[in-house]
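Below you will find one chain, with nothing else, as structure tokens; this is the form predicted on its own, and questions on how it binds or moves follow later.
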């Protein structure tokens, strides 16, 4: 569909992110600690990997891209996410040793949804969840790599949450109303995302973060954000606006393609180091202290 004006949500998101500037507060500041606690586990950083799907071998290397970035997440002690895949591939992800959340697509075959979630839990996943922003496509219900998707009702999602002892994550939340519904259904985390601009004119995730944080005040729900996250500054802004963590996405791919596990690890280290630097320069010693007092919208 063609528009005369800018409709690409990725460009809208990038413009919004870049319109947020940062003030310094240096006196009495210290070298910041980027460690975070999520679901009872201590991680080295609030930076997370994206829920990628179907990455094959790159550069003639033995492991798939999925396994390579999962190994980087393990080496970095950060939370790892993966997306659409069959159970045998997910087992290979678990075998890397990374603490991994499996995001399952909203398949029309509901038995497949339940099977993949159960397999993940039995295999040792850190968490499971669903990618609700792939329910619809331009011609009705979405079809992803030949797989038909289906509408997901509140009752269906509640049944997934109640079927597992793992933290349940709902990916693709982009409004305060949906965030509250996710909390009511028992989700332990949401990913605020427009899935790389699937919806024309989609609101930037950063723009809705403060409202979502306020709507979930007092609820035991972690807020993760993605879309366009490519630097420590981006992560810092997300945290200051209300997120608990942020996932890099396509910005990671060049490092993965060129350098595999080591390339991704270097990229993630650079992002985390910049986050630490900005935290230190703005007077925040810990991630859970960060708020919006040093942000300026231009």
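All values derive from a computational prediction rather than experimental measurement. Numbering follows the first chain given and starts at 1.
The next section is about a form of this same protein that is not shown, the form predicted together with a small molecule.
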In the predicted complex, the residue from 227, 120, 169, 212 with a non-hydrogen atom within 4.5 Å of the small molecule is 227
In the predicted complex, the residue from 98, 157, 84, 128 with a non-hydrogen atom within 4.5 Å of the small molecule is 84
With a 4.5 Å heavy atom cut-off to the small molecule in the predicted complex, the contacting stretch among 109-117, 175-183, 161-169, 191-199 is 191-199
- Item | the small molecule contact at residue 35 in the predicted complex, heavy atom, 4.5 Å | no
### Message
With a cut-off of 4.5 Å between heavy atoms, is residue 73 one of the residues that contacts the small molecule in the predicted complex?
### Response
no
is_contact(residue 79, the small molecule) in the predicted complex, heavy atom dist at most 4.5 Å: no
Using a 4.5 angstroms cut-off on non-hydrogen atoms, would residue 249 count as touching the small molecule in the predicted complex? yes
